[in-house]
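First comes one chain, alone, set out as structure tokens in the form predicted on its own.
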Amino acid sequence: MNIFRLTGDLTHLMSIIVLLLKIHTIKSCAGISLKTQELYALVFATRYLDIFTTYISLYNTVMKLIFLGTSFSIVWYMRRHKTVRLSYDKNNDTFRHYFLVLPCFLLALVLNNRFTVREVLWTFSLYLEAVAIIPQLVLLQRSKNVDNLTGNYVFFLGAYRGFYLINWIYRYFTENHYRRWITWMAGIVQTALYVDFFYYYFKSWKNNEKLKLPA
């Protein structure tokens, strides 16, 4: 654990808090992609299979439980809550997210550290997380204006991965034999997807304007 890893975890947690704040306070999921939330739920479900069999630390276990619980609860709210689900923009959230699942799984079968069920699923979760934000970004591009809470949610989600990249660089130079090629590859792809969003996010913040992404 280092300050960059901790900051990454906290910004990831902040993204979820912002999203839950929107859902609970204004009873709305407008601008949020259900497809992306379902992909994240699958990411955490396949990544944390060891939650009840391998103990690393109290911090690690608590964070796993938080990410698992919140991801599935968000999907439930968007699908089942009598008020929240009415604000879901299904007409614009049309990206075929299931087309992302199979390629990521096939890639995990080919590129992994060990060919075991748990390792393949863990690797699959890395690949899927790298592209899970795509439906959300597509939805934002189709929206004329992005509200502040939605914009902040995506910003914190991107910042989390950015801090993890810094964490990997720090560990590479401070730890002997630290190599995580698969993790690094997936993380770089994921971060690259946010570059365009960050540009328009900071541009709207600087000009005090509503966030808009080019169609």
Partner chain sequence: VEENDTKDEL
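Since the structure is predicted, the reported quantities are computational estimates derived from the model, not experimental observations. Numbering follows the first chain given and starts at 1.
Here the subject shifts to the form predicted together with the partner chain, a form of this protein not shown in this document.
A.B. asks: With the partner chain left out of view, which of Ser28, Thr70, Asn152, Thr183 would have a heavy atom within 4.5 Å of it in the predicted complex?
C.D. replies: Going through each option in turn, the one that passes is Thr183.
A.B. asks: Out of the stretches listed (134 to 142, 111 to 119, 81 to 89, 98 to 106), which one is close to the partner chain in the predicted complex, meaning heavy atoms within 4.5 Å?
C.D. replies: Correct option: 111 to 119.
A.B. asks: Considering only heavy atoms, tell me if Ile188 and the partner chain come within 4.5 Å of each other in the predicted complex.
C.D. replies: Contact check for Ile188: no, nothing within 4.5 Å of the partner chain in the predicted complex.
A.B. asks: Is Met63 part of the interface with the partner chain in the predicted complex - any heavy atom within 4.5 Å?
C.D. replies: Flag for Met63 set to yes.
A.B. asks: In the predicted complex, does Phe156 have a heavy atom within 4.5 Å of the partner chain?
C.D. replies: Although the partner chain is absent here, Phe156 would stay clear of it in the predicted complex, with no heavy atoms inside 4.5 Å.
A.B. asks: Is there a non-hydrogen atom of Tyr170 within 4.5 angstroms of a non-hydrogen atom of the partner chain in the predicted complex?
C.D. replies: Heavy-atom contact with the partner chain at 4.5 Å: absent for Tyr170.
A.B. asks: Within 72 to 100, which residues have a heavy atom closer than or equal to 4.5 Å from the partner chain in the predicted complex?
C.D. replies: Heavy-atom contacts to the partner chain in the predicted complex: nothing from 72 to 100.
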